[in-house]
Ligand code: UTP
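Just one chain follows, in the form predicted on its own, and it is written as structure tokens.
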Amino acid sequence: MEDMEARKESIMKTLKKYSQEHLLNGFDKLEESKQKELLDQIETTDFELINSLYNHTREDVKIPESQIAPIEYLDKDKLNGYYRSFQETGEKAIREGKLAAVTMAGGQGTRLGHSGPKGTFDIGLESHKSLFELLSDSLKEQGKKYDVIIPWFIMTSKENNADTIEFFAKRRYFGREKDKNIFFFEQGELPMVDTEGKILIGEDGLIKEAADGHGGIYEALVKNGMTKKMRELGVEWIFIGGVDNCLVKMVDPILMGIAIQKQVTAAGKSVVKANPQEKVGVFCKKNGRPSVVEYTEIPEDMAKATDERGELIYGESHILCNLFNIDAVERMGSKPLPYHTAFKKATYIDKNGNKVVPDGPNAYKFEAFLFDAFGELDDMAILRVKREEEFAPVKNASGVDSPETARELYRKFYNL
């Protein structure tokens, strides 16, 4: 106990320096294991980073137009004579076991009215298959086609890791072998702060953290030893996609063939932006390097600009379907990405020990975006694909990008 007291005293000095003393207000009410966990959390918190991120919340994000330029792309439907060549190159690499699939599945299904990991959500097909099973079926089918078992890496979060693994275990990992050709790893987290920059305490008495965004994927793959496992398996290319796109093509010989033949270390898929106002990030060149500009950061006149054919100049939507060479992933995972701020609703315990349930957004969470690492790449190939063939996301309970729209696209594609 003396050790605990000495540790607590030392930690309090740090907290005073950063005006975060409230983090220990409820310390004495916690059971010993939770006390230790809270002290561990505080000791591993980068207060300088949190301070800096909070200070940035008061700055307007403005990207000068001069930094942004359109990016070249290939249209999958217009490859003509090159199609077969790309296909053969890609198929050869897949058959040789050079591809691994990564699914980002750190989110909960809360917005869909589902309690549990988003990947366990049933989109309402007659089969009642979850998103995880639909993705598993697709991987299995491609594995049979190319006579190879494509290793599957699933990124969970602290919040849903145990539930995700339990879900897979109950279903015998859909015929896969854990730690042999299916692997689970957790993404990082960062503390949430209130509008005054104070770190929040959750209902469990611990620091309230939120996942660090899909940009944490590179660091998580490296830190958790996943790229090391991939290398042991002979993997050279890594496809990274989200769990909520039930039409995602994790195994695409055309995309692989293009990346290999063009000698680039990354390739991404795009779909044509539905309209200038669609809330999606679009591929572009930023300071001469590949990038994605978010819909919140692109000026209206740029979003509406068209070329001589009447097509949007910035119309290649980033759909979170990207292929990377393993060397690029390890390089991008070796240093942290810049963080973006999201203003969210968060229930927390205030400094007086009272539970606060907000009516609207009241706290900042910080997340990195996967595409912010594209600037590390010299070049990137972009492949335009058809929305109805490859992009059926499940993000909202109803309306656009809902289970209803995803079901319809899935049924049409598979003629169900």
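Don't overthink the numbering: it's just position in the shown sequence, from 1. Just so it is clear, the model here is predicted, and its values are computed rather than measured.
Another form exists, predicted in complex with the named molecule; not displayed. Remarks below refer to it.
Contact here is defined as any heavy atom lying within 4.5 Å of the named molecule in the predicted bound form, and by that definition each of Gly109, Lys118 and Asp212 is a contact residue. Only one listed stretch (239-247, 143-151, 297-305, 69-77) carries heavy atoms within 4.5 Å of the named molecule in the predicted bound form, and that stretch is 239-247. Among residues of the shown chain, Arg407 is not one whose heavy atoms approach the named molecule to within 4.5 Å in the predicted bound form. Of the heavy atoms in Met155, some are within 4.5 Å of the named molecule in the predicted bound form. By the criterion of a heavy atom within 4.5 Å, Glu367 is counted among the residues contacting the named molecule in the predicted bound form. The shortest heavy atom separation between Val251 and the named molecule in the predicted bound form exceeds 4.5 Å. The single contact residue among Lys262, Lys180, Arg172, Lys344, judged by any heavy atom lying within 4.5 Å of the named molecule in the predicted bound form, is Lys344. In summary, among the residues Leu320, Leu312, Ile94, Met192, the only one with a non-hydrogen atom within 4.5 Å of the named molecule in the predicted bound form is Leu320. For the partner-free chain shown, just Lys395 of 381-416 comes within 4.5 angstroms of the named molecule in the predicted bound form, judged by any non-hydrogen atom.
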